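Two versions of one and the same chain are coming, encoded as structure tokens; call them structure 1 and structure 2.
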Structure 1
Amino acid sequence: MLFDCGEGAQRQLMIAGLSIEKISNIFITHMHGDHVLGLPGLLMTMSLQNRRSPLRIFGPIGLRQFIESCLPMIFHQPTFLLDIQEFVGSDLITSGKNYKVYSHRVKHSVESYAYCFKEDDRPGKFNVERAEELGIKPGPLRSMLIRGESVKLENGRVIRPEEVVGPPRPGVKIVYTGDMGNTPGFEDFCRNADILIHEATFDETMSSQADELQHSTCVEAAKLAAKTGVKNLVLTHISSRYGDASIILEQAKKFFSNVQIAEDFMSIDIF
């Protein structure tokens, strides 16, 4: 899964040693150049690599026209099925074997969305020691308990799942904002995220510019993270006016301690 695709994304993917072929879904937050101009080149490279598997690209209206008019102008015809899915509004965008991806409309100068990747909740932990004590042998009885069903032992005793299985463990939740200004009602979308990747174009002294241009300050992002029980906050899309981002980080830390500045090739372990 790739979220946004600015100019040079394919180059950074190659340097990072990530497989371009394995990308099956691309999610575009909005149609500004710094979020989409890497798409035509990435699609070209996929074809050069003779890709055969379909690729789905999700994004706001305008995405289809951009791709479908751009490619013929550079004489490019993909070697694979390109499934462009434009959507409008906050919704469930796609789901896979054990995850879902949601959109949330956010305020910006053009139609713009945040995305949430949510892994399905996983079953609770099976307490092997307690099972042994109760005389539940490895096999079908244990599987039934893990699936949430009660079982009857040979001695007639009925065991309820909660006696040996812990509470369901919530799946990973990652929220990525793209570009956004202050968006009322966005809190629920971020609630308890393991990682919130939030734009922080400006520092707090430029909050009026942030309002005007419908971008965020680092302090707005940090306050949101604190308010919604987010575990890790990663700030990105920092204006090039900040030679290094130390002021952005310092200001954010006053409101939320577990914060870092996104960097090229950064990799984050979730557990």
Structure 2
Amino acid sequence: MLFDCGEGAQRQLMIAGLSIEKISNIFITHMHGDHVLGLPGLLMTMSLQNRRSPLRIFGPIGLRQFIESCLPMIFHQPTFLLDIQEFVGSDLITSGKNYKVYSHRVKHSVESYAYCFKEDDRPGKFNVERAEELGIKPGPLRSMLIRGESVKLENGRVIRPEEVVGPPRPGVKIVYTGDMGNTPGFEDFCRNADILIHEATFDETMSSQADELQHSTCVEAAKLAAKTGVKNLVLTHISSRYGDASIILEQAKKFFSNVQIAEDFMSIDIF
């Protein structure tokens, strides 16, 4: 999944060693150039590489017109199904095997959305020692128990899942804001996220400019993370006026400790 596609996105994907072919869904937050101008080149490369698998692109009204206006310059003849899905409002956008993606409209100078990737709850931890005590050997019976099914042993004893499997564990939750100013009611969308990727265009001394341009300060992002029980905060979309982003990090840490500045090719493990 790719969230936003600014100019140079495919170059960064290639440098990172990530397969363009494996992208199945692209989610666009809003129609400003720094979030969409990488799409034409990316789509052209996919076609030149003779892509066959479908590609879905989600975003606000205007996305379809933008892409279709570029198509004559991109394709002689499309090699894959391109499914453009525009939406309005906060809702469930799509779902797949063990996950869902939601949108939430946020305040910005144009129609703009944040996205939440939510993995379905995962099975509880399997107690291997207890299973061995009960005589449950590795194999299909253990898999059935993990799936929540009771099993019958050779001796006739019935083992229920709760005897060897712990309670379900919450799935991973990641929230990505794109560009946004102060948005009432956004807290529940972020609550208990494993990672909140939040724009922090300005430091707190420029809060009036942030309000005027409908962007966020690093302190606003940090306070939101603290208020909603977020585990990790990643600050991005930092103004180029900050050659050194240490002031952004320093101000944010006064309100939320587990925060870092996004960097190119950053990789974060979620457990």
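By rigid core we mean the largest C-alpha set that fits within 1.5 Å across both forms. Residues are numbered by position in structure 1's sequence, first residue being 1. It should be emphasised that the depicted structure is a prediction, and the values quoted were computed from it without experimental measurement.
- Note: the form predicted together with another copy of the chain is the first of the two, structure 1.
- When the larger part is held fixed by C-alpha superposition, the smaller rigid part is turned by 21 degrees between the two structures.
- The rigid core superposition between the two structures gives a CA shift for Ile146 of 3.3 Å.
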